[in-house]
Every structure is written in C-alpha cells, then in structure tokens.
Ligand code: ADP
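Quick heads-up: it's one chain on its own, the form predicted on its own, in structure tokens.
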Amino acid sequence: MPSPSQLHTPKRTSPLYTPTDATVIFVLGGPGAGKGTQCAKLVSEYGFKHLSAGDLLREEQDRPGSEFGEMIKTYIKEGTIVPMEVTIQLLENAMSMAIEKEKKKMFLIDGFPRKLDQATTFEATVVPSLFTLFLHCPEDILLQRLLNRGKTSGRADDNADSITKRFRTFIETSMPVVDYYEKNGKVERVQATGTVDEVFATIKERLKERGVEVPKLTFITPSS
C-alpha cells in the first residue's frame, strides 16, 4: 500500500491562503446530527461553497487519470483511513477552483477534520479556519434518527451495530478536534435536537456573532 511519503503533494511552510482570501468553517457532529441538512440551508442563504471530504474522495477514486484514484481505492478496500495528505490536497484543489472560477470566498468543510493532526496540517498549509460549527446531539437521538433513515436510505451502515461503531469512532477521533478548538475559542456548539429550522436559527445567530452576515441582494435598476 502506498505510504504518505510517496504522495506528490506540495510542501509549504505557510498557508496558501489567508483568512481574507478564504473563510473556512469546519462542520462537525456525530452521524445523524444533521450536518448535510444544515450545510444545504447555509449554502442557500449565505452562498457558501459546501465541500464534503467524503464526496471528494469518492469522486476522485472514479475520476479517469486521477493521481490518487488507485491509492484511494486501495485504502478503502483495506478498510483503512486515506492519508490526510490526499484529503487535504483534494480540499485545496476544490477550494482553488471555486475561488478562481466561481469567485467563492466562503467555505463549509463537512466531514473534515476527523483527527487533530488533519486539522493542524490543513491550517498550517491551506488556510486557518474561522471556527468549527459543532452540532451536538445525544447518542440515543442520533441512533433513532439513523434507524428511521435506514428504512428508506438503503445505506448498509444505517443499522444499530454500525451506528454505534460510527458514534464511538467520532467520540474517539473527532471530539479531540472539537476540544482543541474549544480551548482556543474557535467552536460554536449548537444543540441539534430541535427542528431543522430551530437549529438553523441558532446557527444564524452564532454566525452573526462571528461577523458572518447574510449577503445583501443587489438590485439593478434598468436604465430608461
């Protein structure tokens, strides 16, 4: 299996972007916390570019001519974590394309960082994050949500055993990321047990406190 030292990723001693160039908010929460749903609402209202680490990896492994495709397939087949160098490179590529072609400056990164070293490496080489949005929800509620979703989702991991394992993995690997940023005043912990709209209203309040406002619409008056 390829080692991280074999990856042809750029090495740099300072971040590629400044927070002025790109505003990044990490979105973390246990399985079933509603990350995708809330990200979709944020994209619609604020114009964020939503980047899912998992989606980027799946797209890359199937992209013809991909430098990382076979490597990703190998790691996934072996049931091991794809090296963070690959995930960070894919996130950087997606951000650069959105900045250049779509003129985007605000990003939601969902499903990353999953471990503390991923967080610190991303911030040291790509861009420091503004803060982490942590959707907090008790395990029993997450379990019930996912079991209900499993009735129609067709996902093999939406069963009690898999959900419990996924939750334990989140607690063991991702909660240290939340704790680290919380100590540095860079976490907005939102209770995700209410309705979708109630949770979104709270998120909007937290964004406003952090200086992130809903963009004002510009109306062009037709000339006479």
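Just so we're clear, the structure is a prediction, and the values are computed from it rather than from any experiment. Don't overthink the numbering: it's just position in the shown sequence, from 1.
Below: the form predicted in complex with adenosine-5'-diphosphate (ADP), not depicted.
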| property | result |
| --- | --- |
| Every residue of P31, G36 and T195 near adenosine-5'-diphosphate (ADP) in the predicted bound form, heavy atom within 4.5 Å | yes |
| Candidate from V199, I163, V177, L51 lying within 4.5 Å of adenosine-5'-diphosphate (ADP) in the predicted bound form - any heavy atom | V199 |
| 4.5 angstroms heavy atom contact with adenosine-5'-diphosphate (ADP) in the predicted bound form for R149 | yes |
